[in-house]
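A single chain, nothing else alongside it, follows as structure tokens in the form predicted on its own.
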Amino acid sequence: MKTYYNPDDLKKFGKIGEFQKEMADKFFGYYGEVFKEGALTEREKSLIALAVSHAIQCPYCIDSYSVDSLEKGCNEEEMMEAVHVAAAVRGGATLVHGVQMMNKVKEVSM
């Protein structure tokens, strides 16, 4: 079955600099630094990335950070809990914007 997202394209991500090497080099340098051990472990950063991947709905990122999280010792329960955290934050963000709607309705109704 053909899909819009081709899983094989993830393997080509490193070649993104083909059309703009300087910017790609800067991005990959930054990206590499971000995921190094710091105040957070690489394992914790991988779980965060997995959750964010779901929140932004990037299938490439979901694939990548699912594998990365497993490789860094995360189990299925931890990974799913991270996905639920992302879902709760995304749901809350949607609901809190309801206050904007309520404010507008009250403004135009008065």
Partner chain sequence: MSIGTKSLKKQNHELSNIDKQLQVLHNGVADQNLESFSSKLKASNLFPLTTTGLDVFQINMGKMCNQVCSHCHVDAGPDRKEIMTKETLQQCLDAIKKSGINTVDLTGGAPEMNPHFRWFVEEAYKLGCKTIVRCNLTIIVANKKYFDLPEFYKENEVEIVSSLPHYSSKKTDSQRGDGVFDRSIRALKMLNEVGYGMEGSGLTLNLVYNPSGAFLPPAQAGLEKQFKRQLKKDFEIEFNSLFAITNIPISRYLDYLVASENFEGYMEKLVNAYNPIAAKGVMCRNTISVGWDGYLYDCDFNQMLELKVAVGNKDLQHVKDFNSIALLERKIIVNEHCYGCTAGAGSSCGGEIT
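All of these numbers come straight from a predicted model, not from anything done at the bench. Residue numbers count along the first chain shown, from 1.
The form predicted together with the partner chain is left out here; the points below concern that form.
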**Study point:** Heavy atom of E71 within 4.5 Å of the partner chain in the predicted bound form
**Key:** yes
Review point. Does K21 make contact with the partner chain in the predicted bound form, using a 4.5 Å heavy atom cut-off?
Key: no
Exercise for review: Look up in the predicted bound form whether V52 has a non-hydrogen atom within 4.5 angstroms of the partner chain, and give yes or no.
Suggested key: no
Review point. For N75, is any heavy atom within 4.5 Å of the partner chain in the predicted bound form, or not?
Key: yes
Point to revise | the partner chain in the predicted bound form: contacted by all of K36, K45 and V83, heavy atom 4.5 Å | key: no
